[in-house]
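Before any questions on binding or motion, here is one chain by itself as structure tokens, the form predicted alone.
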């Protein structure tokens, strides 16, 4: 029996539809037959690209995380001064989440599943290598107080992610309308930098 050739456009279409479905319906409502129908392909077509549902979801997690990481490291070097490097990271992450809001929602859903284990392993290697060097360099230049990585991450990035969530919702707990802009981002980043300075 002859194998059908892979069609990159079709594969991308399947992957995008899978992300949309998981974001809209969660993992419980997700299945290969439903995906095939939504993507306008036969289930057999999906099995050309993925062994099963588990492998498809796992592959989506890794590819979305790799895309997010590549985006966040654009124009970034571990040798940058701390304030400049963190600003580049914030701008890159903001740009990514504004351009790819479904990816952000997808990763949030996946973060609490066993599928995220491969992502965690990949991020641990890449982030500890790149961001670990960035932290050590900043500490060596006396631009960052020495902190456990988890505390650093919580202070350095959680404020940005919360602002992005408010932006995506279009409101906050207090205001019926909210839109993140450069002024608010810089104000928040200034407070974060102040908190992390020696």
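In this text, the rigid core denotes the largest set of C-alpha atoms whose superposition between the two forms falls within 1.5 Å. Positions refer to the first chain, counted from 1. Note that the structure is a prediction, hence the values are computed from the model and not measured.
If you look for the form predicted together with a further copy of the same chain, you will not find it shown, but the lines that follow are about it.
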If the cut-off is 4.5 angstroms on heavy atoms, which of these, 48, 151, 70, 38, is the one near a further copy of the same chain in the predicted bound form? 151
Exactly one of 32, 65, 56, 163 comes within 4.5 Å of a further copy of the same chain in the predicted bound form through a heavy atom, and that residue is 163
Mind checking whether each of 123, 175 and 194 has a heavy atom within 4.5 Å of a further copy of the same chain in the predicted bound form? yes
Residue 12, heavy atom within 4.5 angstroms of a further copy of the same chain in the predicted bound form: no
At the 4.5 Å heavy atom threshold, is residue 102 in contact with a further copy of the same chain in the predicted bound form? no
Since only the chain is shown here, I'm wondering whether residue 109 would be in contact with a further copy of the same chain in the predicted bound form (any heavy atom pair within 4.5 Å). yes
4.5 Å heavy atom contact, residue 128 and a further copy of the same chain in the predicted bound form: yes
C-alpha of residue 40: shift of 2 angstroms or more between the shown form and the other one, rigid core aligned? no
Core superposed first: is there a CA shift of 2 Å or greater at residue 134 between the shown form and the other one? no
Taking the rigid core as reference, does the Cα of residue 63 move 2 Å or more between the shown form and the other one? no
